[in-house]
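Only one chain is given next, in structure tokens, and it is the form predicted alone.
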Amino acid sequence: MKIFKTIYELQYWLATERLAGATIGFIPTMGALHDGHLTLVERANETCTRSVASIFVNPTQFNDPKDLERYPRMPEKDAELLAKVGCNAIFLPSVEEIYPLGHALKLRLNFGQLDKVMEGHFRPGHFEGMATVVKRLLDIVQPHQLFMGQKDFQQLTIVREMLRLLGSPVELVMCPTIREADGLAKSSRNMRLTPEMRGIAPVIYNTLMEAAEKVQYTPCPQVQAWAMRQLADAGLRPEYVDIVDGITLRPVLDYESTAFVVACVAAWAGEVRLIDNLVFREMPAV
């Protein structure tokens, strides 16, 4: 496995691989890797001949400086994990490499309401920073396929729209959320949970599963209100439980007439903010 810290070195290697006929699968990460990230690499290796993972804690998508400071960084351990699953290359750039002084790289696209609801409401500026760095990394790597996890569903939706707006040839591949045995979605933030909160956190997934049953016979707004109470009663501090159209992210008012339905959640477990989602109705195959 190769490790690159500069754009020049990475692109030289990629150009050589492409000349030999390689297809490139790209997995952008912020490090502190877990099985969810590793599954993305394994998926990339199934469909592409070369896999590239980036590890970059992007400062522009943190609206809370303390959250950026606390974000776990363990590049040596991450590299070991990536090597074990057959990742071909790691891109480990500095902030200055991604955002060189004197270059205006901020991406400004009109995402409609996609970046204003849910996470966009509670984390202003987050998606502008996320979209900017994903676009920057895609310009550097120029992959054939981009692999992202379902757990960050709103992020994935916005990246899909970004690719459409830019007319990008990159294919976005959504990979299922990987969970612990008790249902908690695997996340780099889980390692910061206290033992008490680690015991409570699985109520998020359990509530989503119950809500999936309730929407069959109960109006969505009532199910959302019920789910908020469930999370609060368990000891979490929920910010939202939204049942939305999986393409537009607009609230689902009529469950039966909506083809693609997803429930998205954000809740604080002590000092750690967790997100999760569950597809209630799969998008029909084209």
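Just count from 1 along the sequence shown to find any residue number. Bear in mind that the values here come from a model prediction, so they are computed numbers and not experimental data.
Below, we refer to the form predicted in complex with a small molecule, which is not included among the displayed structures.
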>> in the predicted bound form, does C48 come within 4.5 Å of the small molecule, counting heavy atoms only?
In response: no
> Does any heavy atom of P72 come within 4.5 Å of a heavy atom of the small molecule in the predicted bound form?
Replying inline: no
> Contact between K186 and the small molecule in the predicted bound form at 4.5 Å, heavy atoms?
Replying inline: yes
>> Under a 4.5 Å heavy atom criterion, is P176 part of the interface with the small molecule in the predicted bound form?
In response: yes
>> Just to be sure I understand the contacts: of I140, M148, M197, V215, which is the one whose heavy atoms reach within 4.5 angstroms of the small molecule in the predicted bound form?
In response: M148
> Exactly one stretch in 76 to 84, 112 to 120, 151 to 159, 92 to 100 has heavy atoms within 4.5 Å of the small molecule in the predicted bound form; which is it?
Replying inline: 151 to 159
